[in-house]
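In the form predicted alone, a lone chain appears below as structure tokens.
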């Protein structure tokens, strides 16, 4: 996408999504910026999140890990070496560079580097953050989302993922969200690949009288009789859960797209909706605008409610055209 089109995307997004704290059209498919605008800039950085917001993304997604001193930081891997310059500043610890072996102060000295098609800059975009390409804490992401919501005139949602199936992770996420005023009416989802984590989170939410929507990540499975299940990774492979079970502790599912073994079908989405579940798809990573539009449209036509996109501008453009064409 050329630089001059960024403003057009933002304007179009405002026309479709409205300017209030909540969406004017609740049923509208949501664009989730996967690790920020990760196809363009370093992932899980304030710079990448801001570009995604300017492109019209509805949600930014901070994957969360825990530092040695217990801080929640936004980074996908449980190691630092794929996405940062840690190897140029520190020797390995315990044979590697695990996030859990470094303090927050040490991680704050690192620079997040681009991966895949990402670069260190985007044409026409100047980040507003003082340190746009360092590893942010979860609290910094929340603060940034609130600040950007005011600047954009619309609520920017957050979609944190508990990358560790750990009660400390659960408590840290809930403590941060509760302290910052998030609740069941806020633009927030909490996601995990672990159904045990989400069941535990729901129990804790009920005890705290603050139920925020939960999303179970996994794959769509179809039984021999045509019934569908939500597949989660267990000790012996993919374990199917009934959609009724998932709906008993969860508000939605995040399913892998374009997988021949576990394809997402309209029947799966229809049955998930019948169970009261939203369906979000991951990951839309097609960089070509024409191919991306066809891919987005395929799943929108099936009734998908949200899309995790590496190139959020392409997702917003297709979503907006889809909504306006209804």
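Predicted model, so just to flag it, every value in this text is computed and none were measured. Numbering follows the first chain given and starts at 1.
There is another form of this protein, the form predicted in complex with SN-glycerol-3-phosphate, and it is not shown here; the text below is about that form.
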**Item:** 197, 191, 84, 205 - the one with a heavy atom within 4.5 Å of SN-glycerol-3-phosphate in the predicted bound form
**Value:** 191
**Fill in**
The one option of 76, 229, 98, 187 with any heavy atom within 4.5 Å of SN-glycerol-3-phosphate in the predicted bound form is 76
**Prompt:** Does the 4.5 Å heavy atom contact test between residue 163 and SN-glycerol-3-phosphate in the predicted bound form come out positive?
**Reply:** yes
**Message:** Against SN-glycerol-3-phosphate in the predicted bound form, would residue 173 count as a contact residue? Criterion: heavy atoms within 4.5 Å.
**Reply:** no
**Message:** So, residue 311 and SN-glycerol-3-phosphate: in the predicted bound form, are they within 4.5 Å at any heavy atom pair?
**Reply:** no
**Prompt:** Taking heavy atoms only, is residue 217 within 4.5 angstroms of SN-glycerol-3-phosphate in the predicted bound form?
**Reply:** yes
**Request:** Determine which one of 294 to 302, 65 to 73, 260 to 268, 31 to 39 lies within 4.5 Å of SN-glycerol-3-phosphate in the predicted bound form, judging by heavy atom distances; exactly one does.
**Result:** 31 to 39
**Message:** Suppose contact means any heavy atom within 4.5 Å; which members of 254 to 271 contact SN-glycerol-3-phosphate in the predicted bound form?
**Reply:** none
